[in-house]
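For reference, the chain that follows is the form predicted alone, supplied as structure tokens.
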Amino acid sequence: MNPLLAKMGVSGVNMEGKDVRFGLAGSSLFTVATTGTSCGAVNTMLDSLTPIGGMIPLSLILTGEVVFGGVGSGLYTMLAFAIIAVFVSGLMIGRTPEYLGKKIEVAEMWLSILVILTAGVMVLVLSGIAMITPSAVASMANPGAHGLSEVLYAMASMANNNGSAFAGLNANVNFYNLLGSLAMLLGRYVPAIAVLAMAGSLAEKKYIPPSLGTLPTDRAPFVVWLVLVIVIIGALTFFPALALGPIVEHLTMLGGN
């Protein structure tokens, strides 16, 4: 419940911008499912969600759309996370970092980092540029923290191959057309090229049969570790930006200002 609406005497479920056929729960589920994958279909006006409600799909895009194992182009981001998890856990417990019978070494780590960080760096850098460019600021229908959320979502959607957007931002101006094209070019093609290079590197290596020194990647502990790696990397990369956008807006909403 939005406390600002309650303060105005509005009761019941807030259906602004939601699909009345499916209700609040169904619309929210659709939003999460489509932004957690490389889709972009929407049945909800994302700009009308509460701050935390809008932060959830934004966070799913920023972490590379790896829910459900990385459907679509999110698959290569998931593979990069898996390789990083294998490498780090292997170092921590003293086992050989291997994945699918191939030894994970420095080259694979560098390429995995390139896959994961390219889109994120593009989002943060271009959003920062937008915040100091008058024409970009003028395109925001909402000032303050919500305006920052709109810009973050726009850049994240373009760089991470999604397609959905907050409706409050007019992205059809020269600034967003040009920088959005740059975000799509680097954020989408650099990871794809890095994954192909990593595949070539792994293909040249000899297959190593599993042994007592092999880290098992088909067990529940590794699944938990992989999820933690994704959350930790996402938190370290994007928490400051999310804190200035959706989280500040949420706290402001609770304060009734």
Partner chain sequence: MSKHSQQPQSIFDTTLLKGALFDSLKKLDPSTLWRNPVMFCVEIASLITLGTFVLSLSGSNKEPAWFTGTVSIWLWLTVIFSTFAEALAEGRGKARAASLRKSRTDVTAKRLETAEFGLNYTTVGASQLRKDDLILVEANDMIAGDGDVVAGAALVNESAVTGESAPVVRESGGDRSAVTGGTTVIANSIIVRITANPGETFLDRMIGLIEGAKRRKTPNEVALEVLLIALTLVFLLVCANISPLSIYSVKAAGQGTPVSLTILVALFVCLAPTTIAALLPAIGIAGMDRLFQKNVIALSGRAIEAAGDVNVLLLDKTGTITHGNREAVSFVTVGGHNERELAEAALMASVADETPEGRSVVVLAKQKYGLTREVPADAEVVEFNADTRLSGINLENNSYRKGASDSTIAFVKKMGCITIPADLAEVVDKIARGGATPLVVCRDCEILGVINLKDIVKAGIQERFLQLRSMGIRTVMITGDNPLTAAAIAAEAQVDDFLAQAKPEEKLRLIREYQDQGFMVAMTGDGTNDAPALAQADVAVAMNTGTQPAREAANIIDLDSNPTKLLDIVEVGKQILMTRGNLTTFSISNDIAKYFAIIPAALLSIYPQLGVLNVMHLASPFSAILSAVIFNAIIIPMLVPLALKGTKFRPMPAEKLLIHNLFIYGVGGIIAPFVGIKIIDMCIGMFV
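Positions refer to the first chain, counted from 1. Just so it is clear, the model here is predicted, and its values are computed rather than measured.
Keep in mind the form predicted together with the partner chain is missing from the figure; the text below concerns it.
This chain lacks the partner; the member of 173, 100, 185, 113 within 4.5 angstroms of the partner chain in the predicted complex by a non-hydrogen atom is 113. In the predicted complex, the partner chain lies farther than 4.5 Å from every heavy atom of residue 163. In the predicted complex, the partner chain lies within 4.5 Å of some heavy atom of residue 214.
Within this chain, residue 236 lines the site of the partner chain in the predicted complex, having a heavy atom no more than 4.5 Å away. Contact between residue 84 and the partner chain in the predicted complex is found at the 4.5 Å heavy atom cutoff. Checking 62-70, 30-38, 223-231, 43-51 against the partner chain in the predicted complex, the stretch whose residues place heavy atoms within 4.5 Å of it is 223-231. The candidate site formed by 91, 127 and 241 is fully in contact with the partner chain in the predicted complex, as each residue has a non-hydrogen atom within 4.5 angstroms of it. Along 146-170, one residue reaches a heavy atom to within 4.5 Å of the partner chain in the predicted complex: 148.
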